[in-house]
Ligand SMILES: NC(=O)c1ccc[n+]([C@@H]2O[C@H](COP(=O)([O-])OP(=O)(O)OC[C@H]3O[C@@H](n4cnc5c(N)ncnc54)[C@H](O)[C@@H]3O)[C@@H](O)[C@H]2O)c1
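Only one chain comes next, encoded as C-alpha cells, the form predicted alone.
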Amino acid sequence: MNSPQRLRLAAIGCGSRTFIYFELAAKQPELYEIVAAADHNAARRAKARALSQNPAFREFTDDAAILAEPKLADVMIIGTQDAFHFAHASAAMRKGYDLLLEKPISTNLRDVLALEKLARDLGRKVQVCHVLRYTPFYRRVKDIVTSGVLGKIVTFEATEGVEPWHQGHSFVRGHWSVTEKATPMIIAKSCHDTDILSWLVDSPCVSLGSFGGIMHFRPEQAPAGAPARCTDGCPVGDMCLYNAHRYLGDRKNWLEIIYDRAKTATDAEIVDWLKTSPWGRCVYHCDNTAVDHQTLNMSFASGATGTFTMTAFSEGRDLAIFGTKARLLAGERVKRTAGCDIVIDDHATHTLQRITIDHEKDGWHGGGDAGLVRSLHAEFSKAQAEDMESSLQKSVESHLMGFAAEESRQTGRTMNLAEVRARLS
C-alpha cells in the first residue's frame, strides 16, 4: 500500500496557535511537511523553524514576502491577529493556497461573507479552526444526539465559563479587550460555542436575541486605593485574583503567550516589563469595552430553542439537552458533582447512564487541537470543500449567529438571521 503524499504546511503569523499546530504536525512526519512561515519577529520565526524539524524550512519577515514567492505549500495557516485575517486569507487564496484559518474568520460579518464567496469563486478549501468539533467530549455528545437516544431535540441550555483570569488576561488587559479594535467577545471567544450548538442541533438558527455588558471590570468596582498598575504597590496585592505578579508564579504559562522571553527572563526583568506592558495594568482601570457576560436566546428551523450564556465568572463548559425521549447533562458541573462527563436520563425508565470520556492531553482545548491536526490530511483530501468537517461554508453559520447576537445586544432587537445575511451579502 502506497504511503499518502505529505501535506505541505506554511504559515502567516507565528503566534501560540500556529506553534501548537506546527508542533502537532511535526509529530506526524508521514502526513505533514512544514516548509515555511512569515512573522515580523525573528525569535518567533526561529521557534517555527525549530518546530518544523525541516532543514529546508524558509523564513519570511511578513505576508507580502512569503506571498511574493511561488506557491510553497498546499495549505497556508492564517495565524495572525483577528483584524488581519481577511486580508491575509484573501491574498493567500488568490495565490493558490488552501487555508487552515484561525477563528474568527474576520472581525465583521460583511468580510466573513466576502471570504465565503471568494473561496467558492476560486475553488479553494478553507478549514476553520473550530477545534471543539474534534474533541473526544463533543464527538461523543454528537454521537449520542445522532443515535436518537434523546429523541428529537426540543431545547438546550449551554454555558461557557471564560474563567476570571482568562477574562482579565485576554479581554480586559489583552488583545481582545477593546472590541472596536478587535472582535466582539461573543465572536472572539464563543464562536466555538455557537458552532458546536448549530452542529449538535443540525438545523439553521432562524432568530435570536441577546443581552449582556460589563458589570465587574469597571473603575467603580476597584478596591479602595487600587492604582492604575499592579506594579505600583496595590494595597490588595496578591489577594487580588488579577494581580499581575501572578505571572511570576501560577500563571506563568499565560505569560508565555504574550511575552517572548517568558521562559528565560528573570523575575526582575518580568516585573520591569509589566511596568509598561498592558498586562501590568489594574483590571479595574483599563480601556476595556469587551463584555464580561452575555446571553443568547435562539430559535432554530427545526422548532428547537436554546440558550447560551458566556460569563467571566465560571470555568469550563456546561451543556443540557432536553429531548423527547431523554435529557443529557454534560460538562464541568457534571464532572464535579457526578464524577463523570455525561449523564443521560431516560424519561420513560428514569434510568441514568453515566459516561466518562478519555480526554486527550496533547495540545489545548481538551484534545481538540490534536484532533484537528490529525484530521487535516484527510479533510484536505476530500473532493468538495463543503464536505470538510469545519469548512468555511459551515463555519459561517456560527459567525452569523455571533454577529447578529452582538447587534441584538447593542440595539435590543430580536434578529432574523436570513435578513442579516441578505443585508450584508
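Position 1 is the first residue in the sequence shown; the rest follow in order. Note that this is a predicted model, so its numbers are computed, not measured.
Just so you know, the form predicted in complex with the named molecule exists too; it's not on screen, but the next bit is about it.
Asker: By the heavy atom within 4.5 Å rule, which residue out of Lys394, Arg58, Arg44, His377 makes contact with the named molecule in the predicted bound form?
Answerer: The option sitting close enough to the partner is Arg44.
Asker: If you check Met415, Ala25, Cys14, Ala10 against the named molecule in the predicted bound form, which one has a heavy atom within 4.5 Å?
Answerer: For this set of options, the contacting one is Cys14.
Asker: Of the listed stretches (76 to 84, 198 to 206, 90 to 98, 344 to 352), which one has a non-hydrogen atom within 4.5 Å of the named molecule in the predicted bound form?
Answerer: Correct option: 76 to 84.
Asker: So, Arg133 and the named molecule: in the predicted bound form, are they within 4.5 Å at any heavy atom pair?
Answerer: Although the named molecule is absent here, Arg133 would stay clear of it in the predicted bound form, with no heavy atoms inside 4.5 Å.
Asker: Contact between His40 and the named molecule in the predicted bound form at 4.5 Å, heavy atoms?
Answerer: Judged by the heavy-atom cut-off of 4.5 Å, His40 is in contact with the named molecule in the predicted bound form.
Asker: Does Lys335 make contact with the named molecule in the predicted bound form, using a 4.5 Å heavy atom cut-off?
Answerer: No - in the predicted bound form, heavy atoms of Lys335 and the named molecule never come within 4.5 Å of each other.
Asker: With the partner left out here, check for me: in the predicted bound form, does some heavy atom of Pro104 sit within 4.5 Å of the named molecule?
Answerer: Taking the distances in the predicted bound form, the answer for Pro104 is yes, it comes within 4.5 Å of the named molecule.
Asker: Quick one: name the residues from 48 to 67 with any non-hydrogen atom within 4.5 angstroms of the named molecule in the predicted bound form.
Answerer: Those in contact are Asp62, Asp63.
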